[in-house]
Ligand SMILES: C[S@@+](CC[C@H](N)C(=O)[O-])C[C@H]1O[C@@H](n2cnc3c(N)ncnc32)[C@H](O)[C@@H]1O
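Heads up, the chain below is alone and in the form predicted on its own; it's given as structure tokens.
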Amino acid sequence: MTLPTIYFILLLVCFIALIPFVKKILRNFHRKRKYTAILKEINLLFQEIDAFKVAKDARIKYEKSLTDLYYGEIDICALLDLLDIASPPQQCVFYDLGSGCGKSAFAVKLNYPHLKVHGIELIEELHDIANQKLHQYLDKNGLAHHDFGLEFIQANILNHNFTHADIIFINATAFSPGTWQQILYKLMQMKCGTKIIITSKTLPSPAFVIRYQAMELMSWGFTSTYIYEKVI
């Protein structure tokens, strides 16, 4: 085998290896262009908020040694694309279980105005930020709270009834095995047709079928992401 042939083969192998990364770069570029207005609004609204520090301080305050309160965020563009795949109907109720400071729920509402969006968050400090930003946005735009269709709830998702949801998003990466088992039990109570978007963890039950699976960007890197539908 000649030297030029070896060089060509090495270049070809490198090119093939780089294809997935190039695709991700192009996809992220396309997403940011697609959601430019929403990203601008979210960044402006939350520009002074460090939700990661707030969550860290809360873990110390609540003396929680479990991973359940560790904070992470899905890329907003990725979540909006996942929702597009889930095809929310006109009369749709969306729940963000573990909504943090409210960024994702806000983005969903801005991109899908017809959705009734609910965010549930256990950490009071993060919930307060979400409510503050909600009222700030409503006041700025002269909107009424009861007409806007976005609600933040300070509660433990294990104790809250969300069986009327049509689509649920769960950033499940940090949940301990015990907590996840309890969440699975609650998801089993959902009505048929409910779509569930989950990061990292799976739904090992014949009651759910996978409609979509991919790697999506989170605040800590790429992770496995699934869209399930409850069929039983």
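Owing to the predicted nature of the structure, the values given are computational and were not obtained by experimental measurement. One rule holds for the numbers: they count along the sequence shown, beginning at 1.
Keep in mind that the form predicted together with this ligand is not shown, yet the notes after this line are about it.
- Heavy atoms of residue 156 reach within 4.5 Å of this ligand in the predicted bound form, making it an interface residue.
- Using a 4.5 angstroms threshold between heavy atoms, residue 120 counts as touching this ligand in the predicted bound form.
- In the predicted bound form, no heavy atom of residue 41 sits within 4.5 Å of this ligand.
- Contact annotation: residue 35 falls outside 4.5 Å of this ligand in the predicted bound form, judged by heavy atom distances.
- Comment: this ligand is not present in this chain, but in the predicted bound form one of 137, 112, 162, 71 has a heavy atom within 4.5 Å of it, namely 71.
- With the partner left out here, this ligand still marks one of 185 to 193, 168 to 176, 41 to 49, 203 to 211 in the predicted bound form; by a 4.5 Å heavy atom cut-off that stretch is 168 to 176.
- Residues 96, 98, 99, 100, 104 are the ones in 92 to 118 with at least one heavy atom within 4.5 Å of this ligand in the predicted bound form, listed in sequence order.
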